[in-house]
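Given next, in structure tokens, is a single chain: the form predicted alone.
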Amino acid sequence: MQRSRYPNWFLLPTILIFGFLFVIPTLTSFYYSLTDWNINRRVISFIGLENFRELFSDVKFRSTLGNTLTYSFSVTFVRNFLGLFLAILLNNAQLKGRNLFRTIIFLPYVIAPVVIGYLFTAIYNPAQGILNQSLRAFGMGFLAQDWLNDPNIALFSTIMTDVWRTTGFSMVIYLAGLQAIPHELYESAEIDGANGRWKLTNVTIPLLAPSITINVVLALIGTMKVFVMILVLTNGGPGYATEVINTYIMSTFSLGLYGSGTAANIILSFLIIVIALPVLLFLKKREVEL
């Protein structure tokens, strides 16, 4: 009896560390989101859900919710589509230099987002930026834009920057999934006369379901928490065109409105759970065992 209990004591340090570092701060944050805590108050008072009511009645905050969801779903879809396409293309053993191409495509992911942000600030410069200059050089000057200062396309510019940075990461996960598919399945399909499209839709995509689940869920969670990329590229501007929840939280804390900022953080956490968890459960049900 004692021998069976003995190993459980080894869990105690882990439970204590997890409790102090994660559980207590989380519960404390939830409590402060229900208070009027701000820089001008010496005494913090409990005000219930007032911070949440004010946030949802704030036009700026509702705009950040829309921007966050647009950013998250757009980046998740485009980077997964491109990552899957590139993985299938670079999984071809006949393609020369495929390892070099894989490295080049993955390389942006290992660069810090703040560096990528400053790099694209220069690329998007309307006068000297390489993007507009390239468009003009190829006779497509009519497509040149003020990519980060036009409220109609600024969010699109930040989305494309994040897609460029993270597609390589999705590609690597899809490549690992492709290489785990038994080659015998493709040989059997070829013997039965299957063409490339049939093999893609009936063999490759179904057996890539675990990779799709990982990629989609990680992308959704990561993009809903986007902060550095937006901060460096646009700082939420012009106006509120690219303001997302995390930049809103930063500005709220900068004003000393700690209770309101904590409430916005709770909303972001809740948003991630109610979106990512159903997507995870739905995709897990569609996975196929090899």
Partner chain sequence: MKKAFVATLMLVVIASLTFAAPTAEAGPKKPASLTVVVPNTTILDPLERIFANYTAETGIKVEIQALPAGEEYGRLLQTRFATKDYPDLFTMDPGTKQYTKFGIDRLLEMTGDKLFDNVLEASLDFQRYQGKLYGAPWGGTGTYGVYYNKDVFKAIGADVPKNYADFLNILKKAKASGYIPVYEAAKTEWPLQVFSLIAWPTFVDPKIGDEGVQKLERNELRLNQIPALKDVFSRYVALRDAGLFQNGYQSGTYDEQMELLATGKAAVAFQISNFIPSLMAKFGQDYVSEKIGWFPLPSDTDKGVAMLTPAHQILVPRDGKNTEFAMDLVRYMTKVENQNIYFEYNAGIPVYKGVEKKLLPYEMDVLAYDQAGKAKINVQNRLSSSFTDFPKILQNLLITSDVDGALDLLDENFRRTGKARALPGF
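Numbering follows the first chain given and starts at 1. Note that the structure is a prediction, hence the values are computed from the model and not measured.
This protein has a second form, the form predicted in complex with its partner chain, left out of what is shown; the following refers to that one.
- Contact check for P151: a heavy atom falls within 4.5 Å of its partner chain in the predicted complex.
- In the predicted complex, at least one heavy atom of S254 sits within 4.5 Å of a heavy atom of its partner chain.
- By the criterion of a heavy atom within 4.5 Å, I39 is counted among the residues contacting its partner chain in the predicted complex.
- Among residues of the shown chain, P210 is not one whose heavy atoms approach its partner chain to within 4.5 Å in the predicted complex.
- Per the 4.5 Å heavy atom criterion, its partner chain in the predicted complex is contacted by stretch 50 to 58, the sole one of 217 to 225, 25 to 33, 65 to 73, 50 to 58.
- Proximity of P113, F169 and G177 to its partner chain in the predicted complex is absent: no residue of the three has a non-hydrogen atom within 4.5 angstroms.
- Residues from 115 to 146 that approach its partner chain in the predicted complex with a non-hydrogen atom closer than or equal to 4.5 Å are P126, D146, in the order they occur in the chain.
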